[in-house]
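Here we start with a single chain on its own, the form predicted on its own, put down as C-alpha cells.
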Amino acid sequence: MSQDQLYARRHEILTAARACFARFGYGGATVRRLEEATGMSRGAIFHHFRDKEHLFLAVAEDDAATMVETVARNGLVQVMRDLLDRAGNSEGDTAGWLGTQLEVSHRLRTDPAFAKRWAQRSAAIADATRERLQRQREAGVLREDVPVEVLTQFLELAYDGLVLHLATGRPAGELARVLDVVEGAVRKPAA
C-alpha cells in the first residue's frame, strides 16, 4: 500500500473506532465490535495500532489535536460553536466525538496510567487557550480585570458543560446565545 492508502486506512479505522467507543464505551468496545465497526479484521486494525488502548488514545489524540488547532486560530469559544453547529446539523461524527470526550473524562477518573499519559494532551489545549487569551489581551479586546488563568478555567468549564449537555442528548435550545454570553464575559466591556 502507498503512504496515502495507509493514511486513508488509518483515518477510516479512527472514524469507525470513534463511533464504536462512543456507543459502547472503552470496555464495551470489544475487538469483535471494533472489527464490525471498521469492517476490517483485527490484524488490519492492529497493523496500524498496537492494541485497543493505543487505538483509543489515537482517537482521543486526534480530537485533541483538532481542538488545539482551532483554539490557536480562533479560540475555545469557536470550538464550542463548531461543536454546536455539528450537533445541530446532525453530522454523524458529533455523537462519536462527544462520546469520546466523555470516555476520556471517565478514564481520567478511573485509570491513573491513562491520566498520566493524557496530561500532556490536556495541557496542550489549556496552553493554546491561554496563549490565545494572552494575544487577545495584548490586542486590547480581552477584559483586564480578570487574570488570564481564571478566564482559561472559565472557558474550559463552559466547554465541559456544553459537551455534557450535548452528549446527554439534551436539546441545543438557546445555546448559541449562551455562547454569545460566554464570549462576552471574556471580552473587554464596550466603552
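Don't overthink the numbering: it's just position in the shown sequence, from 1. Note that the coordinates shown come from a computational prediction; the quantities given were computed from them, not determined experimentally. In this text, rigid core is short for the largest set of C-alphas that superpose within 1.5 Å between two forms.
Below: the form predicted in complex with a further copy of the same chain, not depicted.
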Arg143, Gly161 and Ala185: each with a heavy atom within 4.5 Å of a further copy of the same chain in the predicted complex?
yes
Just one of Ala44, Leu157, Ala65, Val31 has a heavy atom within 4.5 angstroms of a further copy of the same chain in the predicted complex, so which one?
Leu157
Among 161-169, 44-52, 131-139, 31-39, the stretch whose residues bring a heavy atom within 4.5 Å of a further copy of the same chain in the predicted complex is 161-169
Would you classify Thr110 as touching a further copy of the same chain in the predicted complex, given a 4.5 Å non-hydrogen atom cut-off?
no
Answer for Ala72 alone: is it within 4.5 Å of a further copy of the same chain in the predicted complex, judged on heavy atom distances?
no
Would you classify His106 as touching a further copy of the same chain in the predicted complex, given a 4.5 Å non-hydrogen atom cut-off?
yes
Any non-hydrogen atom of Leu102 within 4.5 angstroms of a further copy of the same chain in the predicted complex:
yes
Can you name the residues of 118-136 that have a heavy atom within 4.5 Å of a further copy of the same chain in the predicted complex?
none
Checking Tyr26 here: with the core superposed, does its CA move 2 Å or more between this form and the one not shown?
yes
So, superposing on the core, is the move of Leu76 at the CA at least 2 angstroms between this form and the one not shown?
no
Arg107 to Thr66, Cα distance in the predicted complex relative to here: closer or farther, by 3 Å or more?
farther
